[in-house]
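So this first bit is one chain, no partners, the form predicted alone, shown in structure tokens.
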Amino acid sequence: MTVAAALAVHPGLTLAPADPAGERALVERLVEWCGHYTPWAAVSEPVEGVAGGGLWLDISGCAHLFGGEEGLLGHLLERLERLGFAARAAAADTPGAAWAWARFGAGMRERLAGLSPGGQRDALASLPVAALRLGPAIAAGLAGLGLKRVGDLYAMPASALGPRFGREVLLRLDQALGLVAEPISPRRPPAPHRLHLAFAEPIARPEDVAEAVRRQLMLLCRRLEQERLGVRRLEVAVFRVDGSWRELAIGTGRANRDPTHLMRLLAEPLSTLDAGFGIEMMRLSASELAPLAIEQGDWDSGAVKAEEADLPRLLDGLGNRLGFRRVVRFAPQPSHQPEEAVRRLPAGAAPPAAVSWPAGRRPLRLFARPEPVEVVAPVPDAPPVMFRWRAHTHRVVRADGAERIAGEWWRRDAPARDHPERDYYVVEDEQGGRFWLFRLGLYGAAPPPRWFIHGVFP
């Protein structure tokens, strides 16, 4: 109804501007919060003409942890009420039947409702057709033909409903009755390996939280060892008694299932964790895994293997602190262009065996961008006799060149115009410093040539 009509009915009504984006964000947070009950949680899309948002939870295999479906839904509604939400819940064999029974079933007074297994056909028969998630226009059209209840549609042939109302009515009816599958797509795919730990009393001490994580980590690593898998990304989610939650994550450069090493990586994130008024549940998830064969050690090679493991552990620590994208190694790749002859790889990756670093004339250190220099050089192709770089003058006593490097014309992604011809010279000054200079352009051409320094030799 309009605001004026609502105020006429209830003058003390509190008004607030609509915030669809904020409401959607809140529902998305509730989806993550429902990970306390099942990893398969999703937002039910809004239906035209039906107020309020909704969540779908696939509790298959989870209900026994709370004493059955009724115990799980009762626990869920109780916690939502403590958070300030008014909610109703229903359990059924299909998402469509649960949606209908939660909104239109059980006399609209019971917060908790459930359908017996396989009983959705009889239970839905007395509900209005709007319970099938149909819009107001379609529901009004069906009511105009005397089809006001879901049960009125059971005897109607598809040839009579389809041409008049489209496929939506038949699809929603079949989904509610379980004749057409309607899978729930979770907000995030559940991790292949995850462990839950619920506490009889909330915990808040950092030592207790760390010990709980350590025990869960030991169980997870044992399971991964049996399946010959290792962790690449590990997530720890804690659910507080006030309904909020926090997630911590670490990564590894290579697959790892050493609980001591993983616990060492988690130590820093756990030290910043705020338990609030207490943590009532914890979830440990291995969201990214990789094959990791079982290694057989012996007395002679034990020390060597321990030393070999030091570098990966160091890289994991640096990667979690600085970001794995910032911890890299350089590897050669075949290219005539100096800028293209190197690529960045993850620090823990093995170097390519078939490609070696260019030897001879190129320096080990190249500048990110060639720096301009002022040069005195005979023309046309003689090496420089003096150059000025960074406010210092260098007199050349030895020089070698020129080495002409042109663009790789055979590569479409690197045309010659992006890499014009360069004449490179290796020069040495009076103090013994060796530099790699190049001339861009030719004398007598427009624009005039320019000189740059591209690197220095050790």
Partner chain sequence: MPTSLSIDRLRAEIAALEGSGHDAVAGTCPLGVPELDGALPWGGLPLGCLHEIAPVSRSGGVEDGRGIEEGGVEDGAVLGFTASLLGRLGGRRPVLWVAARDDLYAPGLTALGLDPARLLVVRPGPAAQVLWALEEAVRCPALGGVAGEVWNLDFTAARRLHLAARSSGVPVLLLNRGQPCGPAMTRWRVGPDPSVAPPGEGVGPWRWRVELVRCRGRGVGEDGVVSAWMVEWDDETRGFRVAAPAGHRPPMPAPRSRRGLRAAG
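As the structure is a prediction and not an experimental result, all values here were calculated from the model. Residue numbers count along the first chain shown, from 1.
Beyond the structure shown, there is the form predicted together with the partner chain, which is absent from this document and is the topic of what follows.
The partner chain in the predicted complex reached by all of Arg361, His392 and Val456, non-hydrogen atom within 4.5 Å: Yes, each of Arg361, His392 and Val456 comes within 4.5 Å of the partner chain in the predicted complex.
Determine which one of 422 to 430, 60 to 68, 27 to 35, 40 to 48 lies within 4.5 Å of the partner chain in the predicted complex, judging by heavy atom distances; exactly one does. Within 4.5 Å of the partner lies stretch 422 to 430.
Applying a 4.5 Å heavy atom distance criterion, does Arg344 contact the partner chain in the predicted complex? Yes, Arg344 lies within 4.5 Å of the partner chain in the predicted complex.
For Asp400, is any heavy atom within 4.5 Å of the partner chain in the predicted complex, or not? Heavy-atom contact with the partner chain at 4.5 Å: present for Asp400.
Touches the partner chain in the predicted complex: Leu322 (any heavy atom, 4.5 Å): Although the partner chain is absent here, Leu322 would touch it in the predicted complex, with heavy atoms inside 4.5 Å.
Arg233 versus the partner chain, in the predicted complex: is there a non-hydrogen atom within 4.5 Å? Looking in the predicted complex, residue contacts with the partner chain do not include Arg233, since no heavy atom lies within 4.5 Å.
Looking at Leu195, Leu127, Leu366, Ala275, which has any heavy atom no more than 4.5 Å from the partner chain in the predicted complex? Contact residue from the list: Leu366.
Among the candidate residues Gly141, Pro202, Gly243, Pro338, which is the single one with a non-hydrogen atom no more than 4.5 Å from the partner chain in the predicted complex? Contact check passes for Pro338.
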